[in-house]
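One chain comes next, on its own, written as structure tokens: the form predicted alone.
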């Protein structure tokens, strides 16, 4: 699971996030999949993925304690498997 934390990710362009009191709803317009993000911290991480060099940095910026990173890595893997987030191509990005 640690490998997902070392990779660059972003919210899929086909996904819209709708804030909710519990976190957010993520809707994929391509596959019509609806996913509940049940923690506000997870929403913050997902929203920060595009501006972070890797998922680990997005977790740090969202203030997620390192002891919880394993659970967040599993959640991010589930979002990737559902095409809610996708790996970002970092070739050509400024360091």
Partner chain sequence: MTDTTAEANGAVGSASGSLIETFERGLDAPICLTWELTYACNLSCVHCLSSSGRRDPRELTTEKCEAVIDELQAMQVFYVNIGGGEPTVRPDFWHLLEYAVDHHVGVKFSTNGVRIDPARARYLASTDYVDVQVSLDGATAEVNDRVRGPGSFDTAMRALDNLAAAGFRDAKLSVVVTRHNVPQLDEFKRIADEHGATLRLTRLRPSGRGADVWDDLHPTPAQQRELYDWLVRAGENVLTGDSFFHLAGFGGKLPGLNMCGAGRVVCLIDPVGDVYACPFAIHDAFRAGNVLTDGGFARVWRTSELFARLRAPQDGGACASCRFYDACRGGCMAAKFFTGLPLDGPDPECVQGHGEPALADPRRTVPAPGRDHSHRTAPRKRRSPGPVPVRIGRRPEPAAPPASPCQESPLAGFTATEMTSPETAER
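In this text the structure is predicted, and so the values were computed from the model without any measurement. Positions refer to the first chain, counted from 1.
Keep in mind that the form predicted together with the partner chain is missing from the display, and what follows is about it.
At the 4.5 Å heavy atom threshold, is residue 9 in contact with the partner chain in the predicted complex? Looking in the predicted complex, residue contacts with the partner chain do not include residue 9, since no heavy atom lies within 4.5 Å.
Any non-hydrogen atom of residue 49 within 4.5 angstroms of the partner chain in the predicted complex: Residue-level check for residue 49: no, no contact with the partner chain.
Mark residue 85 yes when one of its heavy atoms lies within 4.5 Å of a heavy atom of the partner chain in the predicted complex, and no otherwise. Although the partner chain is absent here, residue 85 would stay clear of it in the predicted complex, with no heavy atoms inside 4.5 Å.
Report yes if any heavy atom of residue 65 sits within 4.5 Å of a heavy atom of the partner chain in the predicted complex; otherwise report no. Residue 65 lies outside the contact set for the partner chain.
Any residue of 34-55 that, in the predicted complex, places a heavy atom within 4.5 Å of the partner chain: Heavy-atom contacts within 4.5 Å come from 34, 35, 36, 37, 38, 39, 42.
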